[in-house]
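Below you will find one chain, with nothing else, as structure tokens; this is the form predicted on its own, and questions on how it binds or moves follow later.
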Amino acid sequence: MNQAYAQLEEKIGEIKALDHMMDLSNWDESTNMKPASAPNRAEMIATTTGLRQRLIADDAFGELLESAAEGELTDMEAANVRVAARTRKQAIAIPEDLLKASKHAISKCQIAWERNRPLNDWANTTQYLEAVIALSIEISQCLADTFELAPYDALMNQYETGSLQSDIDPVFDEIKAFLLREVPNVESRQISPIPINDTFSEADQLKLAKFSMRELGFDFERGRLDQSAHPFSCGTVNDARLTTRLSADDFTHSLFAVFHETGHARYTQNQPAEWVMQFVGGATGMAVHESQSLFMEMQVCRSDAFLEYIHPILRLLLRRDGSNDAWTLDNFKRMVRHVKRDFIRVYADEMTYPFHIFLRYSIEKLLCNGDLTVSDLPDAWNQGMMDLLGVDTRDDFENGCMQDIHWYAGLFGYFPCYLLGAVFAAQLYRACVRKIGDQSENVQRGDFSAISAWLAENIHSKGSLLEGQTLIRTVTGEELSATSYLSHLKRRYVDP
């Protein structure tokens, strides 16, 4: 190892330590922190963000990068330098004062969102969101100038490097055309599930959640499950945190959120431990991260084999004897695969879920380009919901434009990653089956070892060795395409 690279790793380790601490602070803010603590926490996050910015933008760090790049490097070391250089370029692009102001505004906005969403109080949230959007627009322009991208592409590339609107729009358009045609056909043919009409204790739901996480490969010696207003996953290879949101009258909401977040957490726990304090040791991008959650939630956990495996277990852990027709296996399958146009993205079925992403993708581009104001957001949201799903959200802010935390947390450019992740997941599942064969019999027995090993070898262990689309292309042999995703939807819903 050349000396310059050794010194670079030491400096990156300091930066990653700050990243991990901020990650845990954000987790604590969503799970444990009291509202009165918000101002101090906002100041702490802003100060730490500024310190991180200075470490990366420092001339000495830049000189180390240049010297390290000139020496002999392994593939992982070279990738570490590449990611560090991009991270530095991004840090220099955004003035420290602007970044700190954004962090302050985001912290205040998140608290306002958590307080006001259950109250359906849009009026007392708008000023906070306006501040976040104004600063996000400034940041997008700084990044656009530096990376020579359109402002929205610059925001999107913070989460999935190398993905542009010009890449994803044709894929999204193909999916939209398919769904607009096929969703009505599926709705007209499907048998509605028998409603359970029951309530479920938090204790029983958490017992089922933790059992499922263990079965899917989550290591509780290196992670934990908590509750939050919006399910999420964060942490490191030896300290993975995930959350869920419990619903007393529908256990499937929490359960499938757990399946989703466990997919994220397995990616985190299987990343290369020896690189945990280096940039290259983390996930290569959020679309790939979403592919891992959706691989687990959609490709595996909504399959016939998995539902047949988990059905008797959930009846046992939820203490239901199954004498009610609503608790039959066939009805359970209809419940979790029922196509229904509804308000909430995180509870949407596979066929209507993309509509929720199309809506958010189109609106946030307008917001970030300055073509839509916050005051006009509810009307734009309602019009989009009516056009895509036939759902009226007028005056229902809680289930409308306040339902997701993302914009209130400054995450503009993130939403496309969800549908990109679903597309990647379908491509990866197809490649997995080609390599190791159909796993239905194993899954039906609760044996996920072959799938887990394939994902760990081909995706998780790679860290950020390759950028997202390059990694998917390398593993699957395919370019970004809707083909595998649409074939999956056809098999499961259109021509079952």
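One rule holds for the numbers: they count along the sequence shown, beginning at 1. If you're wondering where the values come from, they're calculated on a predicted model, not measured in any experiment.
Unshown form predicted in complex with a further copy of the same chain; subsequent notes refer to it.
- No residue of the trio 149, 153 and 158 has any heavy atom within 4.5 Å of a further copy of the same chain in the predicted bound form.
- Note on contacts: among 277, 137, 85, 171, the single residue with a heavy atom within 4.5 Å of a further copy of the same chain in the predicted bound form is 277.
- Taking 461, 67, 37, 452 one by one, only a single residue has any non-hydrogen atom within 4.5 Å of a further copy of the same chain in the predicted bound form, and it is 37.
- Contact annotation: residue 429 falls outside 4.5 Å of a further copy of the same chain in the predicted bound form, judged by heavy atom distances.
- In the predicted bound form, residue 24 approaches a further copy of the same chain with a heavy atom inside 4.5 Å.
- Taking non-hydrogen atoms only, residue 354 never approaches a further copy of the same chain to within 4.5 angstroms in the predicted bound form.
- Contact check for residue 447: no non-hydrogen atom falls within 4.5 Å of a further copy of the same chain in the predicted bound form.
- Residues with any non-hydrogen atom within 4.5 angstroms of a further copy of the same chain in the predicted bound form fall in just one of 414 to 422, 293 to 301, 216 to 224, 182 to 190: 216 to 224.
- If you take 39 to 61 and check each residue for a heavy atom within 4.5 Å of a further copy of the same chain in the predicted bound form, you get 40, 41, 43, 44, 45, 47, 48, 51, 54, 55, in sequence order.
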